[in-house]
Structures are given as C-alpha cells and as structure tokens.
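One chain comes next, on its own, written out as structure tokens in the form predicted on its own.
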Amino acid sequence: MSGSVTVRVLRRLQGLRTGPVRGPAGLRAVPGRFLSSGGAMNVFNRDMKKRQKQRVAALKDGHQYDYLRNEVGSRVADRVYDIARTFPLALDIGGGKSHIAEHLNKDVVQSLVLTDVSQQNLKQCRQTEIPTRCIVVDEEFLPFKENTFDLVLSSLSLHWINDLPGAIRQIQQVLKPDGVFIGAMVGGETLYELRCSLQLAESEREGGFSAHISPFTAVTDLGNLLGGAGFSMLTVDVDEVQVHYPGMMEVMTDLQGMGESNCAWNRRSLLHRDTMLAAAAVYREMYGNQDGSVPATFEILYMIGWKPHESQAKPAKRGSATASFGDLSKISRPTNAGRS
C-alpha cells in the first residue's frame, strides 16, 4: 500500500533534547567478522560519507534537518508495533540520533544497540526509556556474533552501502532464528524533480550532463535481495514523502544539512553558476506549486524479512493439493426450486 504525506518545512519544529544513553554491556564484538565480498561494486566513497555525517553532527542547528528521518523513523516504528511480541534485544543500524527508538517503548523493545559510522551522531542520540548502548560501526561490516539479535532495524542508511546484498546477508546472520529485520531506504524515484532539472539545464548550457544524484535501489530488486540473503515471509511496500521548499537551492541546502550529499566516486563536485540558475528555473517551471514553492519527492521503500525457523508457517509441498482449480466449474450452484 502506498500513500503520500506532505511535510511542510518552511516552519521547522524544535528538535528533542538529546544525549547518549548507556545500557547493558553484555554484547561481544568480533572484529573483522562478516566482511563484504571482494567483488562488490565500489560506487560510494564511504570515507566521504563519514566526513559528511561528522560535519552535519557538528552543526548547532542540525536538528532542523531531521524532519525526514523523524517521519520515516516513526513509520518504521509503526511496523514494529504491528508485530505482537516483545523483542529482548534489538539492533539499529545507522541509527544516528535514534530516530526509530524515540517512537518505541520497553514493552516492545527491552534493550537496544544503536550503531552509526559517526561518533558525533551517537553522542547526540535522543534519550528514550529503552536501555541503549551506542557503538561506532560501519554498516558494511557488522562486528557481531551470529544469532545475537531478536530484531534488526535500519532507517535511511542502507542506500549508501556499496555491497548491499552482502550487508543484508550480514543482517540475516546476526539475527536469531525467527528474528525479524525491518528496514527503510530511499528508492530509485527519489528526487526525480531535482535530477531531471539538473540534467536538462546542464545539457542545454554545457552540452551534456553528469550524475549529480546518487543511484538508488529499485523496489523490484528488494524481494530478490531479501530472498537471496535467506529471509522468509517477505513484505515490501512503497511510500512517498513529499516535501515543499521555497526553491531548488533550499532543496540542496537541506540535503547537505541531512548529510545526504552525493558521495559517489563519479560525482561532479561543482556546477557552473549559470547552470544552477537555469536548473532552478526549470525546476520551478516544471514542478512548481501555485503558492511559489517547489516539491521534492522521496520514495521510501520498506522491507520486512524473517530469519527462518521451524515454527514459522510453510507452504504446502508441491502436489499435495486435494482439489483442482479445474474442478471449480463442476461445483453445483444452488437452484431456485425452493424459492417461492
């Protein structure tokens, strides 16, 4: 099921009071475990993404750029509440300031391990009632033992991973049998307005265009990724969050403030001023609203996968059916004989 929510950012809300929370220390980290495969494509500069997150975490007004993560984090939490069980130990991958856990309580998650590639982000994690342990971890290399967690969460961090299939396999491995993974990531139609405007302006002014928006995963690929990693009982759905800004420049400013600037190796670092002005005009002409604002669409892909366990429902064996669809036409219909 898909929907559309408009988030107005012209008037931003004050962020919640933040601070690190210490929790249980009974986890053992295993350095060097579950390394990504050597054949994975190296699309993103992970060191640059880490620097971007560190720079954003140091901003005094950084909370005003958290609106998208807060919105998606609450929707991930809603999916956790849909599961009627209590999770003794959960892992939040790339959780940053704890955008998911602030919407949960101890009745659902009793203990949480919050990870992020940025130490500064973890220092600003929001206080919740859930005992939380913060660990600096690269999402591509999970340093935890197999069968450790009952629940693994991730919100808006997996789209910067080079070896996404390998990362999802690692998530499946650190889950306990019958554990569940609930994640959200941006999809391929994200920021199509900005992408199209930049391409048209750059082609017209410079005779060609470069990649300015990072490549994202298509929703059609998620099922194969989860199934290939060994997950069962898969659920994949798509949602849209549309944000309205005064203009294209504000879109790009907020993306930078979110730590979502492009970090692909083949990115073009600078654009000519004339090209930028032309792109802003194209953006407003093609997508502008009557009130003068412009929309930016974020396609959010949600995924749920369970680690197999003997207690889970399984499909019947092939050939075990006792009735055929071909016999449906032979079923007698009630006659009108008994009707007056």
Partner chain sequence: MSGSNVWSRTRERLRIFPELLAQCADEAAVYGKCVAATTTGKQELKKDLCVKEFEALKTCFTNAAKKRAK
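In this text the structure is predicted, and so the values were computed from the model without any measurement. Positions refer to the first chain, counted from 1.
Not on display, but discussed next: the form predicted in complex with its partner chain.
None of V236, M233, L200, V136 but one reaches within 4.5 angstroms of its partner chain in the predicted complex through a heavy atom, and that residue is L200. Among the residues D221, E204, E189, D178, the one placing a heavy atom within 4.5 Å of its partner chain in the predicted complex is E204.
Contact annotation for the candidate site: M48, R51 and V56 all lie away from its partner chain in the predicted complex (no heavy atom within 4.5 Å). Figure note: of the listed segments 69-77, 101-109, 249-257, 150-158, the one touching its partner chain in the predicted complex, with heavy atoms no more than 4.5 Å away, is 249-257. In the predicted complex, its partner chain sits beyond 4.5 Å of every heavy atom of K60. Looking at A281, you'd find a heavy atom of it within 4.5 angstroms of its partner chain in the predicted complex.
When contacts are judged by a 4.5 Å heavy atom cut-off, V43 does not count as touching its partner chain in the predicted complex. Put simply, E285 is close to its partner chain in the predicted complex: some heavy atom of it is within 4.5 Å.
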